[in-house]
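In structure tokens, the next block holds one chain alone, the form predicted alone.
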């Protein structure tokens, strides 16, 4: 599995920073692995595209119901129990903020790209289709209230010089 650590690490850092500060949730990142199908690993997923002249990528964050309900309640101070509109809005916001935080770090590494508005998909067993045909790397995260997963799919658009 080709894993571009320079590209993936900012997303992990941005995810951890967001969860610990804004969502007040302690998270533990697991071992990355290659995703082999398009089935979502959670019940609700936010997905966002990133496109530049030399690089294209997408990020999906897929949450188990228990994880995203707890995150939403922490952020909004509520007592939500189901996957309702506030939860769906939270998934979109989390996806946007995590991608924005990663973009800020990636610019320092020479990456330049624009980001789309996030889309949110809901339902057990839904599909997550990334914008490129490149391999998808999954980083699992665990919390006291359940798991979530970030999926990163990235591809260089510039032709590599072959020796």
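We call the rigid core the largest set of C-alpha positions that still match within 1.5 Å between the two forms. This is a predicted model, so every value here is computed, not measured. Positions refer to the first chain, counted from 1.
Same protein, other form: the form predicted in complex with a further copy of the same chain, not shown, and the subject of what follows.
Proximity to a further copy of the same chain in the predicted bound form, defined as a heavy atom within 4.5 Å, holds among 97, 115, 138, 29 only for 115. Site residues 12, 20 and 34 are none of them in contact with a further copy of the same chain in the predicted bound form, judged by any heavy atom within 4.5 Å. Contact check for residue 70: no non-hydrogen atom falls within 4.5 Å of a further copy of the same chain in the predicted bound form.
a further copy of the same chain is not drawn, but in the predicted bound form it has no heavy atom within 4.5 Å of residue 25. Within 4.5 Å of any heavy atom of a further copy of the same chain in the predicted bound form lies no heavy atom of residue 105. Of the heavy atoms in residue 153, some are within 4.5 Å of a further copy of the same chain in the predicted bound form. For the stretch 30 to 52, the set of residues having any non-hydrogen atom within 4.5 angstroms of a further copy of the same chain in the predicted bound form comprises 38, 47, 49, 51, in sequence order. A movement of the C-alpha atom of residue 37 reaching 2 angstroms or beyond is seen between this form and the one not shown when the two forms are aligned on their rigid core.
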